[in-house]
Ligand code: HEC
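A single chain, nothing else alongside it, follows as structure tokens in the form predicted on its own.
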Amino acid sequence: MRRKSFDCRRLAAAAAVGGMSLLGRAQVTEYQQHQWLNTPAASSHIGNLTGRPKAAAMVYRRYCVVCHGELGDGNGESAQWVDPKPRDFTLAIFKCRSTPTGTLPTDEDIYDTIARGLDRSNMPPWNTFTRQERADLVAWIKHFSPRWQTEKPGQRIEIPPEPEITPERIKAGQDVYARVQCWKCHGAEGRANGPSASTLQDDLGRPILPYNFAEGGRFKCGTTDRDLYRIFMTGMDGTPMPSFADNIKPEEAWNLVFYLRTLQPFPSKQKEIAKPLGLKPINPNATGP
């Protein structure tokens, strides 16, 4: 398969155009949502839990409606003061998934996001909810969009076992970082200051910042090496961050994980192993167009 070259600015422009068409398709009425509320597709299944949407109505109105709105369209009373903007559930486009780009997430994906929250946003970790309340909230979220009536979640991507961290893998990871042009958004040193960083927009044409590895904050979709691997392979739908599933092999994705850990400010096994390499920041001028 031919490998693609990514340009974050083109991705951002495409996302903005796609977002406008999505917005046009997403105009749903309260009556339609009420009808979907009573369909099997609106329930959720997480392990041995079954979530019922109507059971979450009061919890949603107490804790979620102020940002996400009565219709789940992200237009709650506080939305105008929130940056980044609350998720529009009517579009059923989610950043954090274990499924391929463009597909619906699993119920577990949404369940985990509710508990974890989204770092660098106003979405806090709702780990005070019981497991059943979270399962019910997943079902309630699903009743907002027509996509759940006609589509199934995507198939979970496979994450192979994490290999041994070696100097060779870290150096190879830096080569991947240069080749697939992560630096255009994230910068040569992972400081979110690449040439495309200031131009990025989300799927609705709103400014969005790339992740800053040098700050060392939590990733949007988890904290572990497996979480970071998953982000490469699923992409973050609704943002300019694409899926690299068709462009890098699994072992290359692991190498990239190991290299990115060396850009973070806290001690890690990867940084210790990388010390003797004396790695210098990549040279964007040497990476081609």
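Just so we're clear, the structure is a prediction, and the values are computed from it rather than from any experiment. From 1 onward, residues are counted along the sequence shown.
What follows is about the form predicted together with this ligand, which we do not show.
Q: Mark Leu118 yes when one of its heavy atoms lies within 4.5 Å of a heavy atom of this ligand in the model of the complex, and no otherwise.
A: Because a heavy atom of Leu118 falls inside 4.5 Å of this ligand in the model of the complex, the answer is yes.
Q: Tell me, yes or no, whether Pro84 is in contact with this ligand in the model of the complex, where a contact means a heavy atom of each within 4.5 Å.
A: Yes, Pro84 lies within 4.5 Å of this ligand in the model of the complex.
Q: Can you tell me whether Thr262 touches this ligand? I mean in the model of the complex, with a 4.5 angstroms heavy atom cut-off.
A: Contact with this ligand, no.
Q: Tell me, yes or no, whether Phe89 is in contact with this ligand in the model of the complex, where a contact means a heavy atom of each within 4.5 Å.
A: Taking the distances in the model of the complex, the answer for Phe89 is yes, it comes within 4.5 Å of this ligand.
Q: Judged by heavy atoms and a 4.5 Å cut-off, are Met58, Phe144 and Trp148 together in contact with this ligand in the model of the complex?
A: Per the other structure, none of Met58, Phe144 and Trp148 touch this ligand.
Q: Using a 4.5 Å cut-off on heavy atoms, what residues in 94 to 119 are near this ligand in the model of the complex?
A: Going through 94 to 119 in order - heavy atoms within 4.5 Å of this ligand in the model of the complex - the hits are Phe94, Lys95, Cys96, Ile110, Thr113, Ile114, Leu118.
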